[in-house]
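Here you get one chain, nothing else, as structure tokens; it is the form predicted alone.
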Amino acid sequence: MATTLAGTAAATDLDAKRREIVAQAEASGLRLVRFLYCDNDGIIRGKSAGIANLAERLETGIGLTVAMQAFTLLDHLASVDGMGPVGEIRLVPDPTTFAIAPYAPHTGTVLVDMQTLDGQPYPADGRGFLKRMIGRAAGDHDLSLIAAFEPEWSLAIKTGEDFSPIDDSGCFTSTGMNIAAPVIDEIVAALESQGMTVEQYYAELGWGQQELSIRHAPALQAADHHILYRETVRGIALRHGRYASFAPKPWADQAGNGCHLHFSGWDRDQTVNRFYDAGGQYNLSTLARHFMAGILDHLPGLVALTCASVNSYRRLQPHMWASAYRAWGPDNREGAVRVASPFKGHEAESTNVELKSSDSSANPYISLGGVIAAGLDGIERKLTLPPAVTVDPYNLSDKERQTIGADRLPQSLKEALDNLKRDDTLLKALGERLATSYIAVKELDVEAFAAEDDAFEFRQHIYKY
């Protein structure tokens, strides 16, 4: 009886939220609402509903061919059983994600879950995968991940078919900030109008490169925010005649764009940071160390999910501050996993870990879900964290790196995918349908780009992400 009452209450709340969205859309003069999702190749796609049938679409969703989760960034269709011209799923909105788009006239956005025609979660949906990992962490370990995606991106001008940085200013310079200021000012306002709090901003190392971070949030909301962040930055840049690229390496001679993933593990009520231990080395609890050890253990395959494009591996090079080695350390920006310095007087709240082997070509739901799966495996197997590295891992001898397992990360997407295909823990977490379609999409990318020159790769990545 209690379960029935809870279900009825939840359905009533959902109906009320849908009515609220319709009323807000009508009052704001919206004409379209975009139903957005992120595909297996990290591309944000979607369909739009008109206002006249918005109420119905919010409940029933919009139809989508099953083939779309087998599409690549080049719009090639990977060969996956059951993902061809026959069959359909539904894009069903999560009403809590609705926002008015400040970058598109008379338009709203809402993020969706993919469902089968009988209303069940679609197994190839990355957002559904992250939800499963969140549920597993909470149910099995009383663990709730708080996370923040910290993206870098390049602001560019397009002349003909060529993109070039908007400036050649230096790292952290006020000149760089001044040149980008009109675009950044509008981006900050647009993000905050959608409920995202801006934490920091500065001009980064690369020409035209920006870094603007937003506040952390529970894992699902953090991934949702990253989708809306990318949409907002690109949309506002276009309004100013500029192009924002989140590509890992938009230009061969400039710094790459990472999307560092910060996370900490709290209890289910999100009142106690379970990664914090005042007496632990670098304030890390035993639980945090097991979680980190799991990530390092699975990292050779995990990077296929977190550094998810052919272009990603141009960035993961030594001396690029992008993590070329499977190592960790306190504020070590050449290690794959960094323990960030906590804020003085707020150590318990601010102790967190950063995965540097991460960029915005990844589907954030799949990326974060993979990190959680790897970390939980570390907890369940009580894996031991290797010694911290407090120097550039490149400067260690081969023997020193071998002793602590600080081996070179994969140097290509193909190598990372081969590792993923051997990682039974990650494959089981993803599930057969998502794992199979994801790998098929990525392998088709590897094949397609191997047949072309470098110029084709840069051109195709710079504005797909």
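The first residue of the sequence shown is number 1, and the count goes up from there. Here the structure is a predicted model, which means the values were calculated and not measured.
Same protein, other form: the form predicted in complex with a small molecule, not shown, and the subject of what follows.
Of the stretches 70 to 78, 319 to 327, 140 to 148, 340 to 348, only 319 to 327 has residues with a heavy atom within 4.5 Å of the small molecule in the predicted complex.
Put simply, residue 333 is close to the small molecule in the predicted complex: some heavy atom of it is within 4.5 Å. Looking at residue 260, you'd find a heavy atom of it within 4.5 angstroms of the small molecule in the predicted complex. Using a 4.5 Å cutoff between non-hydrogen atoms, residue 209 counts as a contact of the small molecule in the predicted complex. Under a 4.5 angstroms non-hydrogen atom cutoff, the small molecule in the predicted complex lacks residue 392 among its neighbouring residues. Residue-level contacts in the predicted complex: of 315, 298, 289, 225, one residue has a heavy atom within 4.5 Å of the small molecule, and it is 315. Residue-level contacts in the predicted complex: of 231, 204, 113, 167, one residue has a heavy atom within 4.5 Å of the small molecule, and it is 204.
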